[in-house]
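The chain below stands alone and is given in structure tokens; this is the form predicted alone.
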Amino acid sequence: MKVKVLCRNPDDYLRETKHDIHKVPRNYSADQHPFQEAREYVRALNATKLERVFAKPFVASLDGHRDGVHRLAKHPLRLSTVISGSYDGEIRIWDLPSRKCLTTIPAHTGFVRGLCVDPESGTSLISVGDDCQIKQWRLPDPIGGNLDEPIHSIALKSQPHDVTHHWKKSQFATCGEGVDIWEHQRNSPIRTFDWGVDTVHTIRYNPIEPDILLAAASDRSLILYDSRGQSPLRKVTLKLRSNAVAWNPMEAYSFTVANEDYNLYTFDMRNLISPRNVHMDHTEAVMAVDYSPTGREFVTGSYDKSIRIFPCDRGHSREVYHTKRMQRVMTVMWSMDDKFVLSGSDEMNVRVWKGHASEKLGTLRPREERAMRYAEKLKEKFNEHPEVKRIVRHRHVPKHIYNAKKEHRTIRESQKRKEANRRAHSAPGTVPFVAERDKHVIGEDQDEDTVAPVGECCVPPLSPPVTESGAARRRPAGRGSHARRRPLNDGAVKRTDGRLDEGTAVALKSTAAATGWPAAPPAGRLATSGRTSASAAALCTPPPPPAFRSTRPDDRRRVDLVTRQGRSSVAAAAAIDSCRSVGAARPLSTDHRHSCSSSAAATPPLSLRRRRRRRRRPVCRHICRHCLALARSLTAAAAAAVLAGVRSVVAAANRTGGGPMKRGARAIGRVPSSRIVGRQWRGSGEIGCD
């Protein structure tokens, strides 16, 4: 009988100590395990399902307030301390592990509008309320005892709406009718900012660049301030008002805004004209936003009675929290350890939620930690598979949210379909495609100097300056009577050289007085975005008396003909320019082709007329649409004065040059002023504007 004995070395399969993992002989070659991919997919699917099964985000409710919770604040040095303020002016300090209220402070009469804690020392609390008071409270360690009396109080003339503390200095900022910078133990602000807005209702200091402030105002604008400067920096205006702002604690230039249009917008403060991302999932106005300490996610609270958690780089939320009793969420906050989310709502409760709905609280065993890490890697590997993605995204929401989302989806699809139809049935380029992130920003202002103060007007003079065309820029400066200045670097409007005779200047002044336009605009600030102070000052400088300003080749040809025949080029040019100034409220299009000003030019030689006879344009027998639009806005008396001024210009030109202006003078003389207002000018003359 043969006996075969198997012999193996115990060192190949036995552990040296009981703390080591078991040695499992395994060949990790993919050829040896053809079903490994399928097994991992099933494990990822099961891990995703179990995550949704055990997703129980609600942790606790902190009861005690007698009115709705309006503000929350976290202690920068203690993870377990949370401060809340309510509609009845009461402030409560909570201990999260024991879920008990440590102390109650009757702080204000009316709403508690803002709360903040000194980040450096953590020993003082600052609050503002509807009673126009700023109060500073002591925060001992441990918190307890009687804190009814503030250590410092400041009475204000107007109601403050929010307060935020500097991250490195003993300064804090309040907002209301303006933005005020305060120091501890001082009764007056050290600096005040104002950009002409009615109310600034929220403000936050940048945690990385601590001197930068961000505020949201009632005129739908977001304003950037530097507490070291004397004026605001930049302002961007959205279509609807913003309710809350929050800085990313890991990116100095990134912040997120909660808006009334149900969306949130993440901006880069270096480029405010377009948001980096638009976050859409809420069905009503978003009231609060706060970042996690990692800077990768933020939590929001809305009027739709829900709380959502958004990744910074995604447009949709990864979690939505709601309960049957929770009403409109007015404030949210992320804890300093990135574990919990707190919310305050109208039904007088402060609720504590998990930052990750399926995360197990408490201490985990090593085997549990390994299993969780393995499951996370599996879900990350198969997160693009349709079934896994469907399970991850699926959420049960209340009926009113479900119906509202369905309605909003239908509205968006209808708008996109309408825009696509308009683009398909229009000329190419007339209906451009506008990205979603560009639809919600109206414009940006760079500096306070670009905003016109109340009462100042910078209307251009009667004969408006015309920007140089490309052909005019290529012509050498100094040629003839219409030499031009060098173009400004910032794209401001240019002026021309030349002088008028005395009669023409008097006529133009009388026309300017009749229309109500100033002969020289007041030196001030222009209400135009995108121009610097230098260009604004250049525009407000009184120009020389109007000369020939047209850059059209036809007009230059007419003046050259007048000059060659010995007539006064300045007078003829002034006549053309003054006629055009009546309707020069807006620039002319390039395809506006008629011969309204042909009467100001001299009659060409007979041979030239014969050559041009076949291709001559039809003569315009009525006043052009630009003059008509302005004339309809004038009264009969003003129209008569304008007409008298133009007649004087023509008469002055006839006196200086004779001949060429007579046909236009006869046409103007036959038209009464009453026919200009509200009617087309159908006289036999050919004078008008281009």
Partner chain sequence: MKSAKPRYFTGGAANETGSVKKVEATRGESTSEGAISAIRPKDEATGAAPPFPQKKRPRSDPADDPFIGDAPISEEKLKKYDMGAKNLRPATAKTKLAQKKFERRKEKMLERCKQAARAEILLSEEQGFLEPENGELTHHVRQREIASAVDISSATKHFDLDLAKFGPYRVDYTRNGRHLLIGGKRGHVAAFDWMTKRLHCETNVMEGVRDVQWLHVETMFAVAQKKWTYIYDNAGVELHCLKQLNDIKRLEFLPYHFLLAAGSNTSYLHWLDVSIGKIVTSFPTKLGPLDVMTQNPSNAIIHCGHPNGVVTLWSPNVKEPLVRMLAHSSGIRGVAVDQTGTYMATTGMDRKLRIWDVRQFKQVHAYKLPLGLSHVTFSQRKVLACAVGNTVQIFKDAHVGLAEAPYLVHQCTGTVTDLRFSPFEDVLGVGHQNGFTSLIVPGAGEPNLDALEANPYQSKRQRREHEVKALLDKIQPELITLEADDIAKVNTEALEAELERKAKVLYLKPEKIDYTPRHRMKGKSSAAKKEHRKQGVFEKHRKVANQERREVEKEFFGQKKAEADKPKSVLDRFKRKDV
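From a predicted model like this one, the values you see are computed outputs, not experimental measurements. Under this definition, the rigid core comprises the largest set of C-alpha atoms superposing within 1.5 Å between the forms. Numbering follows the first chain given and starts at 1.
One more form of this protein, predicted in complex with its partner chain, exists but is not displayed; see below.
Residue contact with its partner chain in the predicted bound form: Asp63 places no heavy atom within 4.5 Å of it. Taking the partner from the other structure, its partner chain in the predicted bound form has no heavy atom within 4.5 Å of any heavy atom of Thr17. Proximity of Lys360 to its partner chain in the predicted bound form: non-hydrogen atoms within 4.5 Å are absent; the residue sits far from the partner.
Contact between Asp67 and its partner chain in the predicted bound form is not found at the 4.5 Å heavy atom cutoff.
Taking a 4.5 Å heavy atom cutoff to its partner chain in the predicted bound form, the contacting residues in 22-43 are His22, Lys23, Val24, Pro25, Arg26, Asn27, Tyr28, Ser29, Ala30, Asp31, Gln32, His33, Pro34, Phe35, Glu37, Ala38, Arg39, Tyr41, Val42, Arg43.
Core-superposed comparison between the shown form and the other one: CA of His33 displaced by 2 Å or more.
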